[in-house]
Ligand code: ADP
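Only one chain is included here, represented as structure tokens and corresponding to the form predicted on its own.
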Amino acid sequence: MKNPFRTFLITIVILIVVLIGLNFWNAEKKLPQVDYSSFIAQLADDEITKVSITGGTIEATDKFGREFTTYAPNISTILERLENKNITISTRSPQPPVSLFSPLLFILFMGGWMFFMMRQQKPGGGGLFNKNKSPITPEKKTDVTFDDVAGIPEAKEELVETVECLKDSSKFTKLGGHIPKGVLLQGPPGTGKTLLAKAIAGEAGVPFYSMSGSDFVEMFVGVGASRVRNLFEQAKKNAPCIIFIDEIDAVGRSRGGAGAQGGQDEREQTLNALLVEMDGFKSGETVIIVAATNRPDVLDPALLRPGRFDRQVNILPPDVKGREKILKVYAQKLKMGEDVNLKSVAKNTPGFTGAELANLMNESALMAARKNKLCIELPDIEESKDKILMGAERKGMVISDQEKKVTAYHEAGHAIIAEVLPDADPVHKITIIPRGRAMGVTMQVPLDDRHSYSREYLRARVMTLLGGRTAEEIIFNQFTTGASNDLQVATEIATRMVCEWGMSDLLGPRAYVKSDQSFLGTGAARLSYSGETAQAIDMEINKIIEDCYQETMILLEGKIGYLHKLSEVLLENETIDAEEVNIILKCKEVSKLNQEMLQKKRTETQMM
């Protein structure tokens, strides 16, 4: 059994030889076969003494003791003749024919399964059934340091102490304290949690064990727990070191929740092993567990208590200064043009995470390469940003002149409301070229990073969203499906104003939903309230949207001349930027046209 593969092959060869021998032996035992007409002739001459019938096959014995077989197409027609001759008749039920291939396939399947099982039992086999995997080797010393991590200075400051613990733990233990066992990095996707964990290992110069939460979870109970014990065993042997568990929510979800199956649940057993191992460090074993997640709300409370994950570091999207530093880090690896102002790019990318900024710079490099440029220029970055935010241009899409005209007025309605309202975000660009699933896009960019929103800003946001539908009603006296997404977003904002932020005059400062604690924004659960309250909530939501709609209608009717001119420019150029929008809105000729159109409308109204 030292070589199971050779043993397996020898066994299969022997079985095949035995099966072939059995088939030859069965072939020699077969009776000679005669045709049916010869059998009838012998029967008529009273030469048949005994027959055995199996289905349509007849095995007969003649008066000389010779045996042979034949096949009768219809047994019922010959039975009467056999009975009249007083011949001994025996019958048997038909048996399926024995083939070499049926048992051979079965043997091959069983042999393959046995070989698979033997392979799984070998140390380091790496299969589903292998609990004692080969020793886990740490990643090679990473070259990533804190210099490669930009935009999150607060998180880096909190982790400097962790690095010092790894370099010299005696500095902290000589006073009787103990080093933190775990650091939980929590934040939205793309904010640099994994990069920060590698930077800790790079700064400390210690082994770095990296695994994902899903690596521990298998369909077979006990495998994940065994892998946890194996990981910690190897880490203790190589202390000081870092264990990094990415997406720990895959294994660290709260016990007893939906989908749990008591003590037999594999995920729960793995979590129990992880909790025990985190409590099992002895003095002198400097092993720090760094974990990352974007769902801290679903983690088990036992993981988050002091003594396990002592430090919980929030990593949020960077502000404008952080974005500029991140852009500089990535710009060092690229050939940038002299016209590129990274500070301006950072200002125009609010809400971008580190991963999104990296993607922006990479897309800009690809864009410049497609145009055979020697370096990345500012238009390449702007075009890449538009592609990321609004989707790729669908220039090949065939649009009728009427649809194009409706889209131009729709986007012009958005833009005018955004420029007229003082609390709205300014317009950055307008296009009627289809992008993604939208027929046109009006992109707004806030002047500063916003961390809280006033009631006036939210109302301005709702009015801007309703500006497109309102413009369609004023100009064409009809509605299109182009406003579907605008209406969904406007309704969601109004609902959150009433149910979550307490911005209702009727209901007052009360919240009717439990806010979502995750970074993913998966939605908030409604609290229990009466049917009368639900009716009042619906009335308030409708009131906010209806009031905003009426105000939007009044504003656009007062800017009817600007609406026509902006739509005309859009139809001609297809894409215009903020500077061109401001020129149109401040043009004296357009202002005069607007006054004439308003006067004309008043005269028509008086005549009616």
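Position 1 is the first residue in the sequence shown; the rest follow in order. The shown structure was predicted, so the numbers you read here are calculated from the model rather than taken from an experiment.
The discussion below concerns the form predicted together with the named molecule, not included here.
The stretch among 484 to 492, 410 to 418, 235 to 243, 184 to 192 whose residues place heavy atoms within 4.5 Å of the named molecule in the predicted complex is 184 to 192.
In the predicted complex, the named molecule stays beyond 4.5 Å of every heavy atom belonging to residue 512. Taking the partner from elsewhere, residue 152 is found to have a heavy atom lying within 4.5 Å of the named molecule in the predicted complex.
Remark: residue 423 does not count among the residues lining the named molecule in the predicted complex, judged by a heavy atom distance of 4.5 Å or less. Looking at residue 148, you'd find a heavy atom of it within 4.5 angstroms of the named molecule in the predicted complex. Taking a 4.5 Å heavy atom cutoff to the named molecule in the predicted complex, the contact residue among 87, 302, 358, 433 is 358. Note on the partner interface in the predicted complex: the residue among 381, 290, 326, 274 having a heavy atom within 4.5 angstroms of the named molecule is 326. Along 481 to 508, not one residue places a heavy atom within 4.5 Å of the named molecule in the predicted complex.
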